[in-house]
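Below you'll find only one chain, the form predicted on its own, shown as structure tokens.
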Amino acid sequence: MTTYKIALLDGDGIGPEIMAEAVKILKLVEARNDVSFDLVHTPFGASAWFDTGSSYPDESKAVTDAADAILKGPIGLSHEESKKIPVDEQPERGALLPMRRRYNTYANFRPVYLPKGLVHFSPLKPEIIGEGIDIMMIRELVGGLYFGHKETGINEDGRRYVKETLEYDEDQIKRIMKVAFTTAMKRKKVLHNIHKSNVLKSSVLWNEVMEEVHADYPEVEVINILVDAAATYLCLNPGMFDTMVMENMFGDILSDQAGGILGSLGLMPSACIGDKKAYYEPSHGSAPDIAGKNIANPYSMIGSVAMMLDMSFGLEDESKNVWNAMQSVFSEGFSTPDLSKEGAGVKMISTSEFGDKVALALKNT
């Protein structure tokens, strides 16, 4: 039997609630397969700062260092609560970006998936949504503006200023392009390269390196598209996309937009992969306004488990079973109050009930 150590970062807001449903699925997978999961909870995010004075305390670093994979809940609090935390210790700056840097998790996979049977979740018209949506967004995660040099101060005219640097080198671009082309080869062999080379020099280099890597993947058709045009087409014709690759900030914005066309970021899990370590997380925030109400859908959290089973542990078939189990709960007409409104023709259930139904469907697979 193989044992895997998984660091569980419950996070903030609804994080602990949806993490509990992910743990249900992990325990069931463990019982159905020749694997053992050593699950270790450790503080991370705003709650960690209030408890320990650090958003990513040393004890948590030791746990994540020792883990075979990391499962992370959403982090962050309301704007007013966040102001109680020093700027550099606020969860994104004090915990999330340092963890990405620590493990060099440069490849972010965000599946944008809505099968035909669930298109009623999308705000797009039926004639636009068509047969559903199936896109894999690949975002470079440890470079660009988010990780560049940052400077604030008072200039010689006495005015406050800020300076942030967008920086990439060819090796950073090459490795994410290899990931993107490899992914495209496994899908429809079409890669949309998202850039802004008509304005940004960083995109000029991005495109140059992309063409160099493309030579190693001649079977893949590359379609270059400006980021603003891509944002438009995601709303007007999402079916034109299959695999997309983009730099850090473009990926942050477009993947959140993709959650909008699905109907909710609550339907978007993600994987953040490095050469030696990976972490998995919902793409949505911590929703502090509904925390503790047992109404948040755990789809993105359980979907992140499904990605971890496949990408870190090689349990591809069981990963597919988890995906199918989640889809079956929706297909049977169940939803949670954060995703659907009363009168929408669905049977409302709680966070924990949704997790129970996924577990039952998985058990019957």
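In this text, all values refer to a predicted model and were calculated from it rather than measured experimentally. For every residue, the number given is its place in the sequence shown, counted from 1.
Another form, the form predicted in complex with nicotinamide-adenine-dinucleotide, is not on view; read the next lines as being about it.
Site annotation in the predicted complex: the residue of 248, 286, 243, 105 reaching within 4.5 Å of nicotinamide-adenine-dinucleotide with a heavy atom is 286. Out of the listed residues 144, 76, 238, 269, 76 is the one that sits within 4.5 Å of nicotinamide-adenine-dinucleotide in the predicted complex by at least one heavy atom.
Remark: of stretches 114-122, 187-195, 205-213, 76-84, the one touching nicotinamide-adenine-dinucleotide in the predicted complex is 76-84 (heavy atom within 4.5 Å).
The shortest heavy atom separation between residue 183 and nicotinamide-adenine-dinucleotide in the predicted complex exceeds 4.5 Å. Among heavy atoms of residue 55, none comes within 4.5 Å of nicotinamide-adenine-dinucleotide in the predicted complex. When nicotinamide-adenine-dinucleotide is considered in the predicted complex, residue 290 lines it closely, a heavy atom lying within 4.5 Å. nicotinamide-adenine-dinucleotide in the predicted complex comes within 4.5 Å of a heavy atom belonging to residue 338.
Within 4.5 Å of nicotinamide-adenine-dinucleotide in the predicted complex, a heavy atom is found for every one of 96, 264 and 281. Contact residues in stretch 1-37 (any heavy atom within 4.5 Å of nicotinamide-adenine-dinucleotide, taken in the predicted complex) are limited to 14.
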